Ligand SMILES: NC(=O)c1ccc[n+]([C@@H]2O[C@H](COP(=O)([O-])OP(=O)(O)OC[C@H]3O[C@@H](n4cnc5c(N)ncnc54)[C@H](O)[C@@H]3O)[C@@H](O)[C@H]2O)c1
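Consider the single chain below, provided in structure tokens and representing the form predicted on its own.
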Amino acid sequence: MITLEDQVAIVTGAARGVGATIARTLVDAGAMVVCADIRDDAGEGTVAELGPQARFHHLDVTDEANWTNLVQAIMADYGRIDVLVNNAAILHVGTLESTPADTFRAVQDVNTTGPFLGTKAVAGPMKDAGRGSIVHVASIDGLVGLNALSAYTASKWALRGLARATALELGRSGIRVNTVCPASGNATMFAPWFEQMTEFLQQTEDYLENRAIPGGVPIQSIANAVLYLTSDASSHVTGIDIPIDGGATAGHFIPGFNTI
């Protein structure tokens, strides 16, 4: 059984969705989890559900001073940081020509600069301890392209590059850096585009069904992969991507071929 007993973890974007499930999974494994998010009310609510092993801390991942304050507070209270899960992200759906440059920059700032700042902030305490695990939550869109997601896709490909470079830089200090690439996540991220997406619902369903394991990926499966990468079970695993996509990146499935 995987355990994180006596370890201290930070999970960003933990107020809801994938982040909240990751936080719950790490708590269940025995970790003390700091749920960091910009959504204070939702974050406090999640922590109340998780119980005494969890606490909430306001964090804007794009603000370096916010990261400094978070790390200082955790070190003052617990004296250690063992795990960082960079999960916070935003989505933009829109064609290349309809996406404003400021929107593109905003997506990169949250999805890539945020994890960069987080990694930078925890590197010192982890180096001092001689150990640590950093996990970035990227996306299947960081492994393959998808039209109308240029801003989001660019940010997730960059996140994988960040993981590889920092895995090499920090590995000799006992710090591992890995990436999970799920094929689904927090459905509420698509809320601004739901009405438009209903016009081509069948296309979306076909996209989900054309996989070795059809359908969307359960959020718990994402959290389980994160748990593995944060634990000693993956003690020599660093600089890798784990697709959690039902085989979507393995290739294409043609139903009729299974009848031959």
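Throughout, we count residues from 1 along the sequence that is shown. These numbers were taken from a predicted model, which means no experiment stands behind them.
Omitted from view is the form predicted together with this ligand, to which the following refers.
Undergrad: For the spot marked by Ile90, Ala138 and Ser184, is every residue within 4.5 Å of this ligand in the predicted bound form through some heavy atom?
TA: Yes, each of Ile90, Ala138 and Ser184 comes within 4.5 Å of this ligand in the predicted bound form.
Undergrad: Using heavy atoms only and a 4.5 Å cut-off, determine which of Leu143, Val110, Ala123, Ile74 is in contact with this ligand in the predicted bound form.
TA: When this ligand is considered in the predicted bound form, the option within 4.5 Å is Val110.
Undergrad: Indicate whether this ligand has at least one heavy atom within 4.5 Å of a heavy atom of Leu59 in the predicted bound form.
TA: Contact check for Leu59: yes, within 4.5 Å of this ligand in the predicted bound form.
Undergrad: Does Met189 reach this ligand in the predicted bound form if we count a contact as any heavy atom within 4.5 Å?
TA: Because a heavy atom of Met189 falls inside 4.5 Å of this ligand in the predicted bound form, the answer is yes.
Undergrad: Given that the partner is absent here, does Ala15 sit within 4.5 Å of this ligand in the predicted bound form, heavy atoms only?
TA: Answer yes; at least one heavy atom of Ala15 falls within 4.5 Å of this ligand in the predicted bound form.
Undergrad: Does at least one non-hydrogen atom of Arg39 fall within 4.5 angstroms of this ligand in the predicted bound form?
TA: Result yes; Arg39 sits at the interface with this ligand in the predicted bound form.
Undergrad: Residues in which of 198-206, 31-39, 47-55, 225-233 have heavy atoms within 4.5 Å of this ligand in the predicted bound form?
TA: Among the listed stretches, the partner-contacting one is 31-39.
Undergrad: Pick out the residues of 235-260 whose heavy atoms come within 4.5 Å of this ligand in the predicted bound form.
TA: The stretch does not touch the partner at all.
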